[in-house]
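In structure tokens, one chain follows: the form predicted alone.
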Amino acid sequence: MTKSVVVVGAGIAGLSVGCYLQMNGYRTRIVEQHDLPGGLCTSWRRGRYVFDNCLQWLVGSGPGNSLYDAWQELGAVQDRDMVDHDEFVRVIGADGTALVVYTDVDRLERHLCELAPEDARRIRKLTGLVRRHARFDLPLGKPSELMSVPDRLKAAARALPFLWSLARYGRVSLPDFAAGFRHPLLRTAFTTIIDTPDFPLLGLCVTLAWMHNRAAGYPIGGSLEFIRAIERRYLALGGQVEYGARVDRILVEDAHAVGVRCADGGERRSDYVISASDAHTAVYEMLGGRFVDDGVRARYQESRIFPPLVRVSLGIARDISAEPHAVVQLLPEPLVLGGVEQRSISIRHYCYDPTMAEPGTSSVAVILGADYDHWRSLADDPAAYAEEKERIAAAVIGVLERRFPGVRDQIEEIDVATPLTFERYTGNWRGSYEGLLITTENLTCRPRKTLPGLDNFYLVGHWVAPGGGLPSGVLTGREVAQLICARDGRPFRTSKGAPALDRS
């Protein structure tokens, strides 16, 4: 008998687990509250511009990285053009001095040593770690729950370079490592390019190693087209998506998940339920907080999460393609915006993607840190909320005007997304943009994908994989599909999808 699965949420995790279950003979239905797939992986049009919310680089964009095989299975990368940038980011000091984080590790080492010869030893330690991880890849395999002792030994042997780094540097945060630089710009730059507390040094090294290997490029078409390709793959496999259906309750009978009830009162019954939505909402609202223990409470009430953002998107009637595509601009004086003291702003243009803007124009995003409680306090006063958005846009445009004189009069579209925008659109708890924050303490942590006392229920996505991003969606989805197949005594099978692009 064909077993049925209801998946809550049509983001990357929901579509991934749906694809893998369809490949293995399950009948799946994805229930999504919005009229588009993607969740946080989305983009939208304003006038003649497209504003992208997610993709900056895709881990597994090319052969030589294990995730490339997974993206092929999901039909996401076949025939898709990728852009491999020469620069990860450029940090510009208040005095105009530029530090360039090149994606080629040899070029990066030369540049940093020329900029700060007094830090040559520490720079080579950093680039040496990048080179070490450029030789490492963890193949797709079984989830840890299904590994035998021989499986674990083989996995450990493959991971020896990473285990060595983990033993020596696993507890070293990027801010702590950066504090050892003598040059002030290096100290500031390496705490600013990834501005989250206790971010692991190894996290940056692995990211740069992927880029050095040309395995973390940008997929032309952006986030929505990327997720649409996976949606097409899912539908071609026979899956069903129900849009405009918000789940209010996960149905439980005799401690077994048996389906969901939507806001319209309709029930969708199934043999399994998978939450690919906000886990805090699933655990404490859809399930009423009935299936928790100390570990679950610690994860979803006490763990640090990726802080929310304010995203200012601008459509500019000006070609800035000759400028670095990603810049962190250090400010001469801090600005208090969105309840947060901003000492820098992150500026990214998408001129390398012709689908984002017409020739001679530019789609630009400026990212700022945000305070969720500040925005929540404004929610009951629409005028104050709108005024704060306008104030932030004006301040951002002022910074851009100093960098690009005359740009103020060339701006045609302005879109400001706040933490409440993220929360409303995706349901992510407190507007977090990537779920559980990766830290030196949870670098190797793999939270459970189940809840205590509840059978036939699984969690996927960035709430069960610290670090977030698209890889967490595809990997946790693939693993849960394997767990369900193993439970039902089925061999887990995959296949490659058709070309990713719809050229019809």
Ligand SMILES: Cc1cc2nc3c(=O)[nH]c(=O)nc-3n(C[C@H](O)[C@H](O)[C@H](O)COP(=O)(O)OP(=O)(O)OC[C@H]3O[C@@H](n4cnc5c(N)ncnc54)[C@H](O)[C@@H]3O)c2cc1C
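Given the structure is predicted, the values throughout are model-derived calculations rather than measurements. From 1 onward, residues are counted along the sequence shown.
Beyond the structure shown, there is the form predicted together with this ligand, which is absent from this document and is the topic of what follows.
Chemist: Report yes if all three of G38, S277 and F422 come within 4.5 Å of this ligand in the predicted bound form by some heavy atom, otherwise no.
Modeler: Judged in the predicted bound form, G38, S277 and F422 all sit within 4.5 Å of this ligand.
Chemist: Out of Y433, Y169, F162, F404, which one falls within 4.5 Å of this ligand in the predicted bound form, going by heavy atoms?
Modeler: None of the others qualify; the residue that does is Y433.
Chemist: I need to confirm a contact call. Of I438, V31, L451, V50, which residue comes within 4.5 Å of this ligand in the predicted bound form, counting heavy atoms only?
Modeler: Comparing distances to this ligand in the predicted bound form, the residue within 4.5 Å is V31.
Chemist: Hey, in the predicted bound form, is A481 touching this ligand, heavy atoms inside 4.5 Å?
Modeler: No, A481 sits far enough from this ligand in the predicted bound form that none of its heavy atoms falls within 4.5 Å.
Chemist: L309 versus this ligand, in the predicted bound form: is there a non-hydrogen atom within 4.5 Å?
Modeler: Output for L309 is yes: heavy atoms within 4.5 Å of this ligand.
Chemist: G11 near this ligand in the predicted bound form, any heavy atom under 4.5 Å?
Modeler: Close contact exists here: in the predicted bound form, G11 approaches this ligand to within 4.5 Å, heavy atoms only.
Chemist: Verify the contact flag for G477: yes if a non-hydrogen atom of it lies within 4.5 Å of a non-hydrogen atom of this ligand in the predicted bound form, no if not.
Modeler: No, G477 is distant from the partner.
Chemist: Name the stretch: of 72-80, 142-150, 189-197, 425-433, exactly one has residues whose heavy atoms fall within 4.5 Å of this ligand in the predicted bound form.
Modeler: Looking at the partner contacts, the answer comes out as 425-433.
Chemist: Can you tell me which bits of 439-473 touch this ligand in the predicted bound form, meaning any heavy atom within 4.5 Å?
Modeler: Residues within 4.5 Å: G461, H462, G468, G469, L470, P471.
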